[in-house]
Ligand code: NDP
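Next comes just one chain, in structure tokens: the form predicted alone.
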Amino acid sequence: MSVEAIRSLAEGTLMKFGADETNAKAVADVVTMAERDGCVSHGLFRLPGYVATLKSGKVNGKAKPTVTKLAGAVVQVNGHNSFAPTALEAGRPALIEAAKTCGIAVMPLIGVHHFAALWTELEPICEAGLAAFACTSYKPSVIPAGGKKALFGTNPIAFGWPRPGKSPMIFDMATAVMARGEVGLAARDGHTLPEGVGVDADGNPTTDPNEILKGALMTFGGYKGSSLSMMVELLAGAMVGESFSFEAAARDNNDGGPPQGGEFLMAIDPTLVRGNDGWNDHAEGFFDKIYEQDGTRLPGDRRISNRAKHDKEGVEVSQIILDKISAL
């Protein structure tokens, strides 16, 4: 499929189920970016989940987020039960302006339903010349180190670094061993998973993705990943005035789509923090040292390569997921 055909399919499907043009376009854009850049677990694969929340009424497909400046460097966005991409588009310009004024700024998102990759959110911020950080929680699907019962979400974190004249460096990773979407893809396609990814409903280790979906994932790196996941719960929950993962689950209707929750974003202007004395050249020299070693790459290099290829040649899309969307 062409990139534009994917965008049209996603936007048209969302509008069919009650999203207005603004909300549908915001979500379709991130779905399209994910497909185009090879992040299929957050592309069209997620569309049935988005639709489920519109059908159940959990998400307001016509929501109009409000942006409030709580302080010089704090910009709050209330999505009013919107999808997160809609709220992000509403608040991002104010976050960028605040960071370029104060040197550092944060943007708490509340009242949103997050189902997308984080790197899509940071790229425009980095392209504005800022470093950026984001994290969000979900519903309990990951056990804390030493435990057997899910408490944390997959709790992804993302960090982006601006590279004027080049695509920014952005890493986006779950604090779980594997993103839940990847487990879902393995279950759909009938693949087993490596040992150490997750446990079944009784807390026993398993490589069966279907059993892991009934049970829980594990954090990467044992206690280290568990501590990072706890940090995400605090930043995207207590810090911004939103739910912890277990609280989000308690009030969710389990329609198959994302629960209401929060997100924490931060942007930093290196020009104001350091002064405009060559921070970019300094960073590029560091990246060059990484590239000097055979087999290395920067996070995001593969996405950028996929983007160039798929813009030209189109994207290979799963017939299974197209059939699911057609059945809607």
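Only the largest set of C-alpha atoms that superpose within 1.5 Å between the two forms is called the rigid core. Note that the coordinates shown come from a computational prediction; the quantities given were computed from them, not determined experimentally. Throughout, we count residues from 1 along the sequence that is shown.
Below: the form predicted in complex with this ligand, not depicted.
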query: Is residue 298 a contact residue for this ligand in the model of the complex, using a 4.5 Å heavy atom cut-off?
result: yes
task: Although this ligand is absent from this view, report whether residue 86 comes within 4.5 Å of it in the model of the complex, heavy atoms only.
output: no
- prompt: Does residue 171 reach this ligand in the model of the complex if we count a contact as any heavy atom within 4.5 Å?
  reply: yes
- prompt: Using 4.5 Å between non-hydrogen atoms, is residue 36 touching this ligand in the model of the complex?
  reply: no
- request: Mind telling me which stretch in 227-235, 154-162, 205-213, 184-192 gets its heavy atoms within 4.5 Å of this ligand in the model of the complex?
  value: 154-162
- prompt: Tell me, which of 302, 64, 274, 282 has a heavy atom within 4.5 angstroms of this ligand in the model of the complex?
  reply: 302
query: Within 98-120, which residues have a heavy atom closer than or equal to 4.5 Å from this ligand in the model of the complex?
result: 114, 115, 116, 117, 118, 119
Is_shifted residue 140 between this form and the one not shown (CA, 2 Å cut-off, rigid core): no
message: Given a core-based superposition, decide whether the C-alpha of residue 181 shifts by 2 Å or more between this form and the one not shown.
response: yes
